[in-house]
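Only one chain comes next, encoded as structure tokens, the form predicted alone.
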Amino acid sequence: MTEKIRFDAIVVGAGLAGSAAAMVMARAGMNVALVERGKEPGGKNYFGGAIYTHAIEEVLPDYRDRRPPLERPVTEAGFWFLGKDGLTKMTVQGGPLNREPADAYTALRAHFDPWWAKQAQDVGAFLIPKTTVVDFIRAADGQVIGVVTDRPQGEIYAPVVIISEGVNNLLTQKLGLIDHDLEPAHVALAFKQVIALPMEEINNRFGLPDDGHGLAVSVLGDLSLGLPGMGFVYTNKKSLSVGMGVMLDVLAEYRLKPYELLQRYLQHPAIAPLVKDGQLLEYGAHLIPEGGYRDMPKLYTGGAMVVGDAAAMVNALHWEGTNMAIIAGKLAAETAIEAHNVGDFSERAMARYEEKLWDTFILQDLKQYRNFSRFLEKHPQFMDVYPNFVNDALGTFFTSYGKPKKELFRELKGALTSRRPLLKAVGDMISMARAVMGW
């Protein structure tokens, strides 16, 4: 008879949440299996965005001494509003963004994730790559006691399993924590190019003093054909991450091709000079669960917990997700450690994980913004009409020389009401306030 493979805990997925969980548990002396379906951690995590240092530090206080493969500190952040042929920038730089260490760094997950997983391995977590978890092993009472993988004789036993499977929530469904795939209207497809440019050229084009300064901006307006969508630009040390995100239902309904949308964006008169003569290094896409609080599954059951994208832990308004994943992984690990200390892995014991989440910004913020995704569904003008208006209005304001300013303000009013009746615009602002404040 083949001897059963046993661990104290199993983590499914070596992304940000999974490796954080494995690191915390292994450091506490637990025997942890970190199961990753990719060839190596980060191999399937296509991403170009920001990693937040407050979350890294909670799990790895001495991370700076370990030389993490981060790109640039974010010292300028905000929004760009694209018109048909112009650009208005609303960004902040300096002040709090000049902290040392910075609150956020741009990163490439193909570099960061292997390093992050290695920190877990260095304290004892056992990485099992190229392995897919396909089901769970349950006791007679339904308690999760292990996983089934796609390897021959691939059953692995442990009294607690942490699921960090990403947006494709098949395992979460198998546990009965959610009974459906995420709705296309609540899932964005983010697609981007990584474009190589010399470091000095990036600094010159974006007005950055050196590679110790970086830019992270969201781009709204004339980039998605008047449909709900948002772009982004991140500066890395020797490359740019430039892309956009559009909801799956919009892509399907209008039969839009992501690559064509992205090319149109890159050819915009305000964007094209920034990427001119750059070398395309990568093109790829990634699904993001933007439904937030209303799309969250139940977060635990007997012997198992769900973290990160699998639990829809994304704050679309603030572009937060990486920090939520890391901290959720840490809290799930702490719950598992407590369960081991008392020998109780029941659903009641796993419920401590959700209690811990409520004590952080994660569930508090997600609940506050629970209506924001639906607000954007019903008010696509915030992705198109208003950004274009801002760009045109400011252009008019700063070219109004030699004319009565009463005429200027009539023009500004007309520029808005020609796009959106005044009463509807007022209603839009009230609706946005309600969505943001959680009323």
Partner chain sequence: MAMKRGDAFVGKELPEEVKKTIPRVYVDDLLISLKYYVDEEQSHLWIKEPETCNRCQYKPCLSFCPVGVYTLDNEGKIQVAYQACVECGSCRVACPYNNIGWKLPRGGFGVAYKFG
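Residue numbers count along the first chain shown, from 1. Owing to the predicted nature of the structure, the values given are computational and were not obtained by experimental measurement.
The next section is about a form of this same protein that is not shown, the form predicted together with the partner chain.
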item: Candidate stretches 329-337, 108-116, 346-354, 313-321 - the one whose heavy atoms come within 4.5 Å of the partner chain in the predicted complex; value: 108-116
item: Proximity of residue 370 to the partner chain in the predicted complex, heavy atoms at 4.5 Å; value: no
item: Partner proximity in the predicted complex: residue 157 to the partner chain, non-hydrogen atom cutoff 4.5 Å; value: no
item: Residue contact check: residue 276 to the partner chain in the predicted complex, 4.5 Å heavy atom; value: no
item: 4.5 angstroms heavy atom contact with the partner chain in the predicted complex for residue 132; value: yes
item: Contact assignment for the partner chain in the predicted complex, among 254, 79, 206, 361, heavy atom within 4.5 Å; value: 254
item: The single option of 201, 150, 103, 85 touching the partner chain in the predicted complex, heavy atom within 4.5 Å; value: 150
item: Residues 181, 248 and 264 all lining the partner chain in the predicted complex, heavy atom within 4.5 Å; value: yes
item: Those residues of 255-292 which, in the predicted complex, come within 4.5 Å of the partner chain by heavy atom; value: 255, 256, 257, 258, 259, 260, 261, 263, 264, 267, 280, 281, 282, 283, 284, 285, 286, 287
